[in-house]
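Just the one chain here, the form predicted on its own, laid out as structure tokens.
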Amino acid sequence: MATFPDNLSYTKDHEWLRLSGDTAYVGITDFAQQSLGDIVYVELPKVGDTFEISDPFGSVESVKSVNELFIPVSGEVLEVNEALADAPELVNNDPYRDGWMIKIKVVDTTEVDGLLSAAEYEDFVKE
């Protein structure tokens, strides 16, 4: 059974965002990693890259498929999870902690209001 922590915001593309002030961590949801299966490679942007809301920022490759990652809000990449280069399975093992993908400086924190709550996302994936 997939888990959806209440302290995160979610997209219909199955990314999560954890906001703290004007910075945020971004990754893919437990539902997404379960659907993908064993993740074998994660392609991430470079520090300093900027993205507009919903832009593709990278991709995740599993034994089943390659899927683009879409940024939940506009921002600039402050940090990438370097551990995923050698251990992409962290996304499968702990998508909300060790499996985070990027840390961004959020341009407009009001964009977070357009994301789904945990309950809304849970309803969305049940459809």
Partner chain sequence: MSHEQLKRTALNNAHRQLGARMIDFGGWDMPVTYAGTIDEHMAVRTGAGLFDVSHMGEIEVRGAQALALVQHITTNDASKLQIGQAQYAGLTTPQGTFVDDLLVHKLSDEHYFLCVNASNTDKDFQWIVDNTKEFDAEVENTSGKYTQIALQGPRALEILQPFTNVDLGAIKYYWFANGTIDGVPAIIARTGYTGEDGFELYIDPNASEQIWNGLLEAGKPVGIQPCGLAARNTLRLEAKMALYGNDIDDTTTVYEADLAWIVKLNKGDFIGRDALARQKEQGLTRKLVGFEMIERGIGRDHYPILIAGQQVSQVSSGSPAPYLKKNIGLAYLPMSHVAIGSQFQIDVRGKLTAAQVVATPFYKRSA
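Residue numbers count along the first chain shown, from 1. Source: prediction; values computed, not measured.
Although not depicted, the form predicted together with the partner chain is the subject of the following passage.
- In the predicted complex, no heavy atom of residue 97 sits within 4.5 Å of the partner chain.
- Contact check for residue 50: every heavy atom lies farther than 4.5 Å from the partner chain in the predicted complex.
- By the criterion of a heavy atom within 4.5 Å, residue 61 is counted among the residues contacting the partner chain in the predicted complex.
- Residue contact with the partner chain in the predicted complex: residue 78 places no heavy atom within 4.5 Å of it.
- The three residues 35, 40 and 65 all sit with a heavy atom within 4.5 Å of the partner chain in the predicted complex.
- Only one segment in the set 70 to 78, 98 to 106, 22 to 30, 40 to 48 has residues whose heavy atoms sit within 4.5 Å of the partner chain in the predicted complex; it is 40 to 48.
- Counting a residue when any of its non-hydrogen atoms is within 4.5 Å of the partner chain in the predicted complex, the one hit in 83 to 99 is 85.
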